[in-house]
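For reference, the chain that follows is the form predicted alone, supplied as structure tokens.
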């Protein structure tokens, strides 16, 4: 009988420009480590990191509560979380913990859930950070690679990323508001022009074609978003300079990572990603903001790193 399971779940970038609430891409930049143990009574959360330990405020806690209820799991559960994904910066921090927890419980109790079921349970955790359930980040963290999410009814398609695709993520050193994702969603326009809808639809279709055909250049050139990005860019200091600098340095395309404020440039192994990163850093510097630059590849997905019997 398994007593404990430890899972490393990757961070992710959502939307990829025009794919709002539909596209997600797992990244090997940061990982959360979640250990779920059969222990005690009820559900307890343990962490030395600055995260909520109350069940209703913790993404992994909400996942465990739902899975315990729906699957009628008996006994207590302890969830130990080691955060590595920066919280509130558009890198799917809440999703990584939620995904890790869902996968760990699935293995711990031998539930044999399919991918849509795992994503569905992991999505419950998004209520703790965003106030509502959405599946783009969690699907990427659960499955790895590039994902396309249909939320009604839930269905997820996973496509392997091109081997030469390289991402440059600029994480600004700024204070983000609590419930940042909820705030970022509040500025999205309620109505859009037909011409803008057509542009975004064409770009989204090209992104899918790029992943199917393993064309990193097409993916990067298609992350242009004319609907959500214009509404959110004012929330990111130095946005225009960061984007324009990266494009001049050779990036295929640049967009907001998830709800921001991180920005992500798309390139390939044939490009000078350090040059692109330096250009993005200079862009933030123009707004008197420093940033961390992370050069990474798409992640193949989470890993069960330890099972204790």
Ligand code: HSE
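As the structure is a prediction and not an experimental result, all values here were calculated from the model. Residue numbers count along the first chain shown, from 1.
Unshown form predicted in complex with L-homoserine; subsequent notes refer to it.
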L-homoserine in the predicted complex: contacting segment from 60-68, 30-38, 47-55, 255-263, heavy atom within 4.5 Å:
255-263
Could you spot which one of 80, 83, 158, 134 gets a heavy atom to within 4.5 Å of L-homoserine in the predicted complex?
134
Is residue 299 close enough to touch L-homoserine in the predicted complex, meaning at least one heavy atom pair within 4.5 Å?
no
I'd like to know if residue 14 sits close to L-homoserine in the predicted complex, meaning any non-hydrogen atom pair within 4.5 angstroms.
yes
If you check in the predicted complex, is residue 126 within 4.5 Å of L-homoserine, heavy atoms only?
yes
Can you check whether residue 232 is within 4.5 Å of L-homoserine in the predicted complex, heavy atom basis?
yes
So which bits of 82-100 sit within 4.5 Å of L-homoserine in the predicted complex, heavy atoms only?
none
